[in-house]
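In structure tokens, the next block holds one chain alone, the form predicted alone.
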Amino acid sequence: MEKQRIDKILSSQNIAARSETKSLIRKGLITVNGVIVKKPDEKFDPVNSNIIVDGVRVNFKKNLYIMMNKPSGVLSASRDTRIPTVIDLLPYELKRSGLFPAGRLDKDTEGFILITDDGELAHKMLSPKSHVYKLYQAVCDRKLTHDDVILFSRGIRCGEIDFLPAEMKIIDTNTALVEICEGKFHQVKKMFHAVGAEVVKLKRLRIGEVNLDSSLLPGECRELSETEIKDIMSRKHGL
């Protein structure tokens, strides 16, 4: 990896702001490969260097990939002056500049949202060409029938918008699982609306082959494993 300034490395890992790095250097608290750092503009390979700050080794991560169980009432946005966002809910140890939600869930929609600073992966995941399937659980205001399942399987038209065929499985009287590979605005809600049903509760359960961690309470989050990062781009699908 290309060498970076030590103050930039520490800032990117949310360890110390650039001004704080200067203070740490003056106190001799930063070493790289056993040598005390003298200047904040000294450059090092962040991946292959042994960086120690005040006795603690820096575990450098180029990008973060965070699974959050988004609660209702929170915006899928990086910032908002009036309403809490998913970024606001991140614990301090996972906060760093450049993080954003990869895709959006409606304010009242719950479940799995990916937060990352990897723009390339987010773009690929959201592109319809990638066919990354997302699984939702929808609770509707009426009884769902096999006719609804057939209509979804054929593709849905709502107003001037055409939605690709989607797999639906009824799991209770008015509750169904729906899997889609598009990400159009309010898509699941509009598909149900087109067949005469209104969604009263919606939750995303899976992206690609990665299921929402059942141990995460609303608003909680954790980092994805290396395997999950790969699996989130999986093209496999099926209820």
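Numbering starts at 1 and runs along the sequence shown. Keep in mind the model is a prediction, meaning the values are calculated, not measured.
This next part talks about the form predicted together with a small molecule, which is not shown.
Put simply, Asp106 is close to the small molecule in the predicted complex: some heavy atom of it is within 4.5 Å. In the predicted complex, at least one heavy atom of Gln187 sits within 4.5 Å of the small molecule. Contact annotation for Ile66: none of its heavy atoms lies within 4.5 Å of the small molecule in the predicted complex. Contact check for Leu202: a heavy atom falls within 4.5 Å of the small molecule in the predicted complex.
Just one of Tyr133, Phe152, Tyr136, Phe112 comes within 4.5 Å of the small molecule in the predicted complex, counting any heavy atom, and that one is Tyr136. Comparing 154-162, 98-106, 81-89, 121-129 against the small molecule in the predicted complex, the single stretch with non-hydrogen atoms within 4.5 angstroms of it is 98-106.
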